[in-house]
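Take a look at this single chain, the form predicted on its own, given in structure tokens.
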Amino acid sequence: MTAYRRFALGLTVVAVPLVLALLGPLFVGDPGPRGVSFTLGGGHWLGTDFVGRDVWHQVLLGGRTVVLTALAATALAYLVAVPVALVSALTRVRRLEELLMRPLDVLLAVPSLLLILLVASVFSPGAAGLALLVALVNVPDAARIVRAAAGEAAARPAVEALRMQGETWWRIAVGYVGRSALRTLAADAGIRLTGVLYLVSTAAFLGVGVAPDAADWAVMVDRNRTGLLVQPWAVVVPALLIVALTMGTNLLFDAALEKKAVPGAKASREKEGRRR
């Protein structure tokens, strides 16, 4: 029951920012006239922001970029990391493994946010460019984690038996090694999505990938923080939505993994009881 309650709680928490981010722009309506900066009331039930725009209108518009950029960056990171890790784990050529993994170790030594800021100082990435940058800095870490999980599975006698049976590389890599590492991959995905959301939000907070006055939750926190004590909703609401998105994602992945672990653990206990 604990896992189901955690799953329900995570689903409830993550549903609010997701619904606002994905469906908000469809129902946002006309922005209306601007009011006085950092005021409450006057037809603006969450008040106005630093330039007098309606905060609720900006909240409805500001989540899609954050969510889609984070999801795209996570997917792109695994799209590169998983094949590299599987090839590295299954290859018998030491030089190929070194060629694949050592450049990633060099990239891993550079702080992620610093690398994003360095590239952004030369180029001006949009949302797509920001997704590519965030994916790039996440590839080395994701590849090492998948490589460790896949390497343990690749060393099992079952893999050698599959090779002797003449199974294809795809069948061995995806059908056996990939499935064996799936649980580790799912656990890492939950943590990584949270880290990607942090990077995307921080980069947007620093003005990378978005315009300074864009309707974006992270930009809203940055631009409206000067009026926090006067009109707190312009900062508190987008900040809470970002926190809910990251916290709910972690709860969902934890509960999903725990629910998968319970049946196996129960079967093991029953088998041990029969043995005794």
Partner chain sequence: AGGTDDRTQSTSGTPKRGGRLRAAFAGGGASETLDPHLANLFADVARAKALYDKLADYGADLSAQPRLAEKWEPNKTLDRWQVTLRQATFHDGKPVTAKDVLYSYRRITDPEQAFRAKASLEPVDLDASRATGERSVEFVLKRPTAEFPNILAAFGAYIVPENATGTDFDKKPVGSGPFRFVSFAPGRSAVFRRNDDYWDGAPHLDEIEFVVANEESARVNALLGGQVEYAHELNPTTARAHEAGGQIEIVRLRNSAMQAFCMKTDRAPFDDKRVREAFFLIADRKELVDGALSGAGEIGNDLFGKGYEYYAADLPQREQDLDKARALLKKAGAEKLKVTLDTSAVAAGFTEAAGIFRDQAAKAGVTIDVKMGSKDSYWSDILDGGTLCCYRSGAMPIEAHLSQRLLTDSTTNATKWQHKDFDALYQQAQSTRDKTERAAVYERMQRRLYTEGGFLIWGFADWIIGTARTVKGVETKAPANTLDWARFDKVWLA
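Positions refer to the first chain, counted from 1. Treat the numbers as computed from the prediction; the structure is a model and nothing was measured.
Another form exists, predicted in complex with its partner chain; not displayed. Remarks below refer to it.
- Interface residue remark: L26 is not counted as part of the site for its partner chain in the predicted bound form, having no heavy atom within 4.5 Å.
- When contacts are judged by a 4.5 Å heavy atom cut-off, A135 does not count as touching its partner chain in the predicted bound form.
- In the predicted bound form, A204 approaches its partner chain with a heavy atom inside 4.5 Å.
- Within 4.5 Å of some heavy atom of its partner chain in the predicted bound form lies at least one heavy atom of F50.
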